[in-house]
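Form predicted alone, single chain, as structure tokens, below.
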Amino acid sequence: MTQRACIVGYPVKHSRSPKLHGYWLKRLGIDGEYRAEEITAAGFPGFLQNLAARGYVGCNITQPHKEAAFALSEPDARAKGVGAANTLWLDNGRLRSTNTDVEGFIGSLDAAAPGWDKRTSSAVVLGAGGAGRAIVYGLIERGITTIHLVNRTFEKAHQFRTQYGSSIQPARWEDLPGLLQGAGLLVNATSLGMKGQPPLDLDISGLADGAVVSDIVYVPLETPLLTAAIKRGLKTANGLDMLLHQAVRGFELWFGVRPEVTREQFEMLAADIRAAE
């Protein structure tokens, strides 16, 4: 019997998830299918209520439905920690959820710079939005004790301290040059530098020599921030790395096999992104 999963969002036609999961299904010889479902906010609750009737064993959730998915399902500790769900599965009729953006981010760092968490106890994170929540939660899970959270709206960064505790050091954008001096991990969790968005104008010359730079943007694949880091010889992780690693657990939950992220798969999706640029 064919197992089916999907990604739900509005819009969702741009999603690379069908190609990503389709690669694993074919490579592993699984009788499965992964589709894209473009569902409005008004139609989203009804879609989830009838997930099984539509032939699905679970789904990924993308914007603008992550918070609604959290409210309409039974979230695990990670989803609760982030306040949003991006992966849902049916468990004996119960709709459960998690947030795999956390492990997607951490997995991308582990792949790019094994042992990164043993070499630094602090990080500088740009952006206090939904992606920032998943990243902060993952860093705390990994034992990072000081997270300088930089946001243009200081009050929003301060809310993270209220939620996540004293590990969070809220900071203003103008504080950034000083915070980058000697920093061992820099993460861009904003849309700055993304195609069609304003650039991220940042001088990273003060970063530690062994620093790691992560940018969750994947269009373009190599943002100016990553270009600057590569020129300095620093380890880097991009948004496509994070996308691939966040998909692993969902695939395992739906299809019963834990897939492996491969370079071939990365290059396939990278070529697709470059062709669309």
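Just count from 1 along the sequence shown to find any residue number. Just so we're clear, the structure is a prediction, and the values are computed from it rather than from any experiment.
Another form, the form predicted in complex with a small molecule, is not on view; read the next lines as being about it.
When contacts are judged by a 4.5 Å heavy atom cut-off, residue 152 counts as touching the small molecule in the predicted complex. When contacts are judged by a 4.5 Å heavy atom cut-off, residue 216 counts as touching the small molecule in the predicted complex. Interface residue remark: residue 129 is counted as part of the site for the small molecule in the predicted complex, having a heavy atom within 4.5 Å.
The small molecule is not drawn, but in the predicted complex it has no heavy atom within 4.5 Å of residue 206. Residues with any non-hydrogen atom within 4.5 angstroms of the small molecule in the predicted complex fall in just one of 71-79, 116-124, 193-201, 137-145: 193-201. This chain lacks the partner; the member of 186, 102, 109, 189 within 4.5 angstroms of the small molecule in the predicted complex by a non-hydrogen atom is 189. Of the listed positions (234, 243, 57, 39), a single one reaches within 4.5 angstroms of the small molecule by any non-hydrogen atom in the predicted complex, namely 243.
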